[in-house]
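One chain comes next, on its own, written as structure tokens: the form predicted on its own.
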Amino acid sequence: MKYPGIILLLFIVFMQGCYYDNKDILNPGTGCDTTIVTYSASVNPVLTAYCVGCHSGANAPLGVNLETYPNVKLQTGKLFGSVNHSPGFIPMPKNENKLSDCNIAKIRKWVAAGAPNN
């Protein structure tokens, strides 16, 4: 080889351009923030998107109406078990895939906090 030093130098320069020191770049987060979970900003949007389509009105299945906070509060004992597809609970959403881990984590944290109306 005529220019081994230049090739080595270019290799080193190139490799320096690929170096990352930031763990968030190398291992990006899930984008699931469960630091602050509230009914209005975290849980209600999930229920509206995945549950209220069926669980609303006077003819809601098994009388489970999830349109309003008071109705949801009455169901907190069953809510997490159902969306988590836990044994002994009817898996929800019915005939659908389980909710995302992030949405389940939000519901779990909210229920564990006493299901506050916040």
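Position 1 is the first residue in the sequence shown; the rest follow in order. Bear in mind the structure is a predicted one, so any value in this text is a computation, not a measurement.
There is another form of this protein, the form predicted together with heme C, and it is not shown here; the text below is about that form.
Screening 57, 61, 87, 70 for any heavy atom within 4.5 Å of heme C in the predicted complex leaves a single hit, 61. Under a 4.5 angstroms non-hydrogen atom cutoff, heme C in the predicted complex has residue 47 among its neighbouring residues.
Proximity of residue 37 to heme C in the predicted complex falls outside the 4.5 Å heavy atom cutoff.
Among heavy atoms of residue 82, some come within 4.5 Å of heme C in the predicted complex. Residue contact with heme C in the predicted complex: residue 101 places no heavy atom within 4.5 Å of it. The partner is not shown here, but in the predicted complex the stretch 92-107 reaches within 4.5 angstroms of heme C through a heavy atom at 92, 93, 94, 96, 99.
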